[in-house]
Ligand code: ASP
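The data below hold one chain only, encoded as structure tokens and taken in the form predicted alone.
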């Protein structure tokens, strides 16, 4: 008996349309609806009973917190019915890793949720979207995907939502996890897993977005040589709930920005140190950081640290509790 797989479409390059077949830029993202995408890959129906649903039709650079909440709520609704074995989300690649991590923390259940996308529009010669979609359904339909958290399947590779990131602006093998490694491959159509992510996720997550209409306001500030107080003060004046500082090296903060961030924590704005480096863990460093109540972002990228802080702030403003969450998720 074939499994039942639901595909939720959000637009992106995988649903992009260009005027000529050689165009890999300058296309319209999200121009193709999910039914047309599915009809272009009839082999999908040999793997599972597949149905599609259009959540939105956007370029993923325009992703919003509101769409995240809608998507997480819809996935939880579908799983609560008990008649779907897995879900695939088609998505633009620009913010795919962020949506995947948000769902990793807000979907409650062990059934597979797999995000996929494409680097070339559907109308392009050698578009990667059709194979990525087919493989994502294969992964979602595979019993070995159960309990592994939200997955990202592109370019014959399977990655964890927490750890994967887009690493190249143009190439089809852009999604990587350099340090910890991918979870597995889709080998000639068969998903094969070699490791799993150990951090809390999905059915083991404490975060619940049921009924939420908006998320706390958290902004990312990028550290650099010659940094100053301008952007931190702007964030304070905008009444943000939290700031992720993407620091140099081990989340290091320019002395000028540190002064402003101290003013932020004095106003009960939560400040988390992350790093712009792309690899490695942010751990305790300068004594002054602890004295000013800056939290450490572990090995999360700034964009994923933002998501975790947003969700943490839906539950608590207690710094010890938020520190625990950054160690567990």
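Numbering follows the first chain given and starts at 1. Please read these numbers as outputs of a predicted model, since none were measured by experiment.
What follows is about the form predicted in complex with this ligand, which we do not show.
Only one segment in the set 282 to 290, 260 to 268, 34 to 42, 53 to 61 has residues whose heavy atoms sit within 4.5 Å of this ligand in the model of the complex; it is 53 to 61.
Heavy atoms of residue 27 reach within 4.5 Å of this ligand in the model of the complex, making it an interface residue.
In the model of the complex, at least one heavy atom of residue 94 sits within 4.5 Å of a heavy atom of this ligand.
For the chain shown alone, residue 150 is not a contact residue for this ligand in the model of the complex, no non-hydrogen atom being within 4.5 angstroms. Within this chain, residue 119 lines the site of this ligand in the model of the complex, having a heavy atom no more than 4.5 Å away.
In the model of the complex, no residue of 204 to 224 lies within 4.5 Å of this ligand by any heavy atom.
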